[in-house]
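What follows is one chain in structure tokens, specifically the form predicted on its own.
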Amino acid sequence: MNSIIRSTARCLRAGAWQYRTAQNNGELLSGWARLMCSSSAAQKTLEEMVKKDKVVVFIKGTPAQPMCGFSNAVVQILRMHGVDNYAAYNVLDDQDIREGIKTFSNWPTIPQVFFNGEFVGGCDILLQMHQSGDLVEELQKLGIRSALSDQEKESK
């Protein structure tokens, strides 16, 4: 019930709602009026969320307490690179965000990682980027200096 209230409040704040009434054979049924958030408004909200920061992650749990192994791996990879300043959204708190982000990115699983508003991938992609060294380069493009590149220089 709380998620319905939160969703409705979010739609009202965004000004993206439609007043719909249920009909039965052309007769209006009183008491069946409801607010519905339009999908375009939800997509716009998600677009704003992914563009909010240079690095944005949608995970199960929080960075301080990830609630699944894949989300934990994403948090640990970012931590290894010294990326502490990023937006993290707990999809377990909001079912609309959890399902909406999958539609937005056309990616069926959580976690999801975005750099500068662009979808990067999930845990597997971020792990591959980390292992190949591509993540250091991508972070540099964002103006983020990877802690691992500093460690490599110190070891030489």
Partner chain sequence: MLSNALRCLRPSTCTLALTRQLTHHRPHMGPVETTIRTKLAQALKPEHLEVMNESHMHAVPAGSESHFRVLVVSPQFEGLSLLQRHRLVNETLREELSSCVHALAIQAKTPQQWSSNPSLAKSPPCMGGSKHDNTMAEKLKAGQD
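Every value quoted in this text rests on a predicted model; they were computed, and no experiment measured them. Positions refer to the first chain, counted from 1.
The following text describes the form predicted together with the partner chain, which does not appear among the structures shown.
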Should F119 be classed as touching the partner chain in the predicted bound form when contacts are defined as heavy atoms within 4.5 Å? yes
Residue contact check: D124 to the partner chain in the predicted bound form, 4.5 Å heavy atom: yes
Using heavy atoms and a 4.5 Å limit, would one call S39 a contact residue for the partner chain in the predicted bound form? no
Can you check whether Q43 is within 4.5 Å of the partner chain in the predicted bound form, heavy atom basis? no
Establish, in the predicted bound form, whether R79, G82 and Q140 all lie within 4.5 Å of the partner chain, using non-hydrogen atoms for the distance. no
